[in-house]
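First comes one chain, alone, set out as structure tokens in the form predicted on its own.
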Amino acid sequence: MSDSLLQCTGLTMHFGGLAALSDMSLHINKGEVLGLVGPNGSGKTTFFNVVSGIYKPTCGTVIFDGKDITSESPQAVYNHGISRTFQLSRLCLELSVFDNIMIGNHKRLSRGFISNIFSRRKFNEEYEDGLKRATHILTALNPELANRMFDVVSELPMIDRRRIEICRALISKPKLLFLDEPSAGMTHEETRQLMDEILNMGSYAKGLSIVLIEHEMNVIKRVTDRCVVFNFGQKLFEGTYSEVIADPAVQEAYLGKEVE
């Protein structure tokens, strides 16, 4: 389809005799928010890892923005325009907010160690540009956090750490953002607030496609355009939130069969 940004066909991922993904085919459109739901161990994070290049699929193809990226490295996938967060925090807690965000901007950093020593003017220019970009994106997400740019991350609450991870993923201006359980470690109200902030980021959110793994179904209901349900590494169902929760096979996957 012409508005398709990501097209995965027949993705299969084996770990020994275990099929973590089995003939998985799905797509995401430009500007769409897609929810991935399913029981624990159903293959959702494995799907993220395959598309982002961490795992090489046993078979199948990944087409992103018209390019085959199936066998490319995580760095190459990132350069094509796919960024992600992780369920478990990957922040460097001893570093500042600014330092952590700039880790996500490495493809725009052209200065090496030697050049930074002998070309201080260029280094300062790159630093000022990075600071401007980081301030812009933090302000778009949460203006209060933008005022804490040089605070050490370990001093911040969980919701601010999640914000920083998202800003680190967004600073490279990706076309597609993978969010792996962004609500982990947060309250329901914090989760609601964070998702509202992501969807109201103005120019940063405009045209951005998001794939969201989330167990908090109220979040899925409120922010997604479409849902795909995983079960035992396969696609069980695809449709809107209301269609998903009404499907008997989905109900059985989550709740089990009624004993007669």
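Worth saying up front: this structure is predicted, and the values here are computed from it rather than measured. Counting begins at 1, following the sequence as shown.
Below: the form predicted in complex with a small molecule, not depicted.
Novice: Can you check 24-32, 190-198, 38-46, 61-69 and let me know which stretch has heavy atoms within 4.5 Å of the small molecule in the predicted complex?
Specialist: Only one stretch qualifies here: 38-46.
Novice: I'd like to know whether A249 contacts the small molecule in the predicted complex, with contact meaning heavy atoms within 4.5 angstroms.
Specialist: Heavy-atom contact with the small molecule at 4.5 Å: absent for A249.
Novice: Does the small molecule get within 4.5 angstroms of any non-hydrogen atom of T135 in the predicted complex?
Specialist: Result no; T135 lies far from the small molecule in the predicted complex.
Novice: Could you confirm whether V244 comes within 4.5 Å of the small molecule in the predicted complex, counting heavy atoms only?
Specialist: Judged by the heavy-atom cut-off of 4.5 Å, V244 is well away from the small molecule in the predicted complex.
Novice: Q87 near the small molecule in the predicted complex, any heavy atom under 4.5 Å?
Specialist: Taking the distances in the predicted complex, the answer for Q87 is yes, it comes within 4.5 Å of the small molecule.
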